[in-house]
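As structure tokens, one chain now follows by itself in the form predicted alone.
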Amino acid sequence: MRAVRMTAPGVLEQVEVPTPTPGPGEVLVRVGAVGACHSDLHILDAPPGVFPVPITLGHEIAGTVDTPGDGVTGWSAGDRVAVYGIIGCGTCRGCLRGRENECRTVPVGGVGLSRDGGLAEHVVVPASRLLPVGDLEVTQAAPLTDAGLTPYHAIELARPALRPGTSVVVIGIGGLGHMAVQILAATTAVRIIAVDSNVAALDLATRVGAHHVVPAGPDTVDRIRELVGPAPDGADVVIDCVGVDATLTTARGVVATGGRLLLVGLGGGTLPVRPVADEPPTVPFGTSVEVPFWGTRAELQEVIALGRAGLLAADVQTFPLDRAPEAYDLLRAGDIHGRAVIVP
């Protein structure tokens, strides 16, 4: 079968590999669509030894069941499924509480991270990783498994603060950010303020439910402050889907005293936190800072339900499998709006 694999650190190419065979408890899935995620770029850019090589990338996967392995019940050939990509140990405190994204035994990994993923015509996954998607299009189902799940999980963490009439700032209206705006619009009565440097991204934010859009620039904090008021008031929740120095500066500059900072983007920036009474403070008093990771299987089920109800839809650009390297080049250059989805 055809697969797009990282054959050496930083090297992505299409190759021919044998179609895998599912073992006991596993399922062979015919891949219908796989999302291209910024995390894949982090894998490609990682130093040698951090991730296995060669490996088939792709952790946002949807398709149909091809062949169930021995001992698998509940799944039949032709079932339409999405793949929950995390594989925890199953026995630690996090996993036993259903939070495999907080596994305390297995390092960050899973399908497309520490074992072959979905940038191929077929992929083998544990049967426990599958969720039904019903009649949802696979090009929509695939990005829900991360681009939808990750902001949904972040929003769930902040749910107590998302009272009707409060303000939420979403920074970065890309693959995750445009989903965050929709999730907030569908599940809360908050005022949504979207921030991005790209005019097309701000237009997308408006289309999917943002009440205000603010261009990123030297006066971003001042323009947001015009909407949320002066300190110590401000945004009750800030969701940074970028995570570079500039966006983190914006985030801490507009969050309210006692607010929530959710650092979803893995941009590698630094957020200064010092327990001193600076003026202005590095972070307002009472502010909590969290770095959410992916989400739980139960949350993915809820995300899929939002998708099937027509309340959550990815803005997708599709590419055939042989153009996957090009899709990642465009993603790296910032030329993908919404989510790039590869269709084998």
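One-based numbering along the sequence shown. Just so we're clear, the structure is a prediction, and the values are computed from it rather than from any experiment.
One more form of this protein should be noted, the form predicted in complex with a small molecule, which is absent from this view; the next part is about it.
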Worksheet item: So, in the predicted complex, is residue 213 in contact with the small molecule at a 4.5 angstroms heavy atom limit?
Response: no
Item to complete: Although the small molecule is absent from this view, report whether residue 142 comes within 4.5 Å of it in the predicted complex, heavy atoms only.
Response: no
Fill in: Residue contact check: residue 38 to the small molecule in the predicted complex, 4.5 Å heavy atom
yes
Discussion item. I'd like to know whether residue 111 contacts the small molecule in the predicted complex, with contact meaning heavy atoms within 4.5 angstroms.
Written reply: no
Worksheet item: Has each of 62, 131 and 303 got a heavy atom lying within 4.5 angstroms of the small molecule in the predicted complex?
Response: no
Fill in: Contacting member of 258, 267, 90, 209, with respect to the small molecule in the predicted complex [4.5 Å, heavy atom]
267
Worksheet, complete the sentence: Residue within 4.5 Å of the small molecule in the predicted complex by heavy atom, from 198, 105, 166, 249, is 198
Worksheet item: Heavy atoms within 4.5 Å of the small molecule in the predicted complex: which stretch among 66-74, 289-297, 309-317, 50-58?
Response: 289-297
